[in-house]
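First comes one chain, alone, set out as structure tokens in the form predicted on its own.
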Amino acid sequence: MATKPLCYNPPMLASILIAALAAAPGGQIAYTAGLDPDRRQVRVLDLASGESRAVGPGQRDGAPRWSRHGLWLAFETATPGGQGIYLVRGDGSSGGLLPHASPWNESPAWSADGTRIAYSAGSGPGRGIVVVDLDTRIETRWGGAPTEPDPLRPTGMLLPAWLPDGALQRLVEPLGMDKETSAKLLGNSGETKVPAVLAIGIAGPPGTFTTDIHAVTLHGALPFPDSILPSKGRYEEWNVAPSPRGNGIAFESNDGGDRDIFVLGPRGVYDISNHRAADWNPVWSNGGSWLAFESLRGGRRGIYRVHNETDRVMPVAASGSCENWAPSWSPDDSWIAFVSDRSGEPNLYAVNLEDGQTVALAAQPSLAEFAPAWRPSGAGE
């Protein structure tokens, strides 16, 4: 007996087709394709022509991330001894693995100027943040010199995210740094814009691990103090995302009992999603006014957006009969691409935020598609 596809709804599918004829998003989207994780491959979809080309090696390729100007993609891929960071041009014309000392590397993040990539390297207590200068291809371990093991210090660093230039200096006062601590983090070079990333540090003695947000530079690492977080105590923070304007930091926290999206900004720290259901995966719009996120508030995983200043929450792609996840903003913030299983397989879709029309983007509907990343505008090959 044939299985009825999830979210099967003829009027809905007709509206998708009408939307596709009436409105068409432009540009290119990188994504991963393949139901088998071991053979998943990074591809790039041209939205004008509908053509998709393979650019990754297809060996457990991970979520692709564009450089600021859209010239390059970085993502994880399998290596004979573990996992490395793969760098490739958007047209697939050149690329290869970055040199790496550790066999395990994950979560690449581009600096704002596109000249460096940070990622988490190593495993267990030895996991830390490594930065590669793309001109020299030399790895540098950030976070300061290694110290003696301490049960209260981070045992590993995950998920780096670059702060905009100068943003760390604006955080110095809220972080409560004295001169000695500031020197450890900012160095003694007198720089006014010290490069920095935010990362999630796993801390605490065995059996009581928690995750805290850390500011990380070449010189040192510093956890965000309880005094500037939602409330004092041992909560888990995850998936930190600095605003492109440098005026806010979004993160997930289980403060309050379930996962919510919080923003640290000029008006302090506040719960911007504020719902009894779990909310996670904050993604800033390119203009920095909105956050897209995933939530279970509709009963199943859906996508919502919230305005950074008004806290107004609006549904983007939510249904009680199918799953929607992995939002990615178009360069002009007028569309959001996402993954949905509404046709029975995970495929790519995009929704127009002005009129709510949804367009199916699946280049190969029978091949599962994940992790969309919309190419920044102004890209050239």
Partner chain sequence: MSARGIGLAGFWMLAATTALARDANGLLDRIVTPNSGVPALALDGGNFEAACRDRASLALVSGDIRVVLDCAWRAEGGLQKALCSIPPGTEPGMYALEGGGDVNTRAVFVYRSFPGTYAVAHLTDPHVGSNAHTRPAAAILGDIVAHANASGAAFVAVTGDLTEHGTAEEFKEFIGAMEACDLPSFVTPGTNDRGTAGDRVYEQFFGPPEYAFRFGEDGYLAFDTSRTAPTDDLGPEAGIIERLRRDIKSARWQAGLTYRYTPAMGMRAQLALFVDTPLDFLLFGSLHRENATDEVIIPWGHTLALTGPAALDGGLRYIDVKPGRPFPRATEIVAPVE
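Residue numbers count along the first chain shown, from 1. None of the values given here were measured: they were computed from a predicted structure.
One more form of this protein, predicted in complex with its partner chain, exists but is not displayed; see below.
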Original post:
Pick from 128-136, 248-256, 215-223, 85-93: which stretch has non-hydrogen atoms within 4.5 Å of its partner chain in the predicted complex?
Top reply: 248-256
Original post:
Do residue 43 and its partner chain come within 4.5 Å of each other in the predicted complex, heavy atoms counted?
Top reply: no
**OP:** Report whether the minimum heavy atom distance between residue 208 and its partner chain in the predicted complex is within 4.5 Å.
**Re:** yes
Subject >> Distance check, residue 184 to its partner chain in the predicted complex, heavy atom within 4.5 Å >> reply: no
Original post:
Would residue 278 count as a contact of its partner chain in the predicted complex, using a 4.5 angstroms cut-off between non-hydrogen atoms?
Top reply: yes
Original post:
Is every one of 50, 354 and 364 within 4.5 Å of its partner chain in the predicted complex, counting heavy atoms?
Top reply: no
**OP:** Only one of 77, 239, 308, 286 comes within 4.5 Å of its partner chain in the predicted complex by heavy atoms, so just point that one out.
**Re:** 239
Original post:
Within 4.5 Å of its partner chain in the predicted complex, heavy atoms considered, which of 229, 296, 167, 109?
Top reply: 296
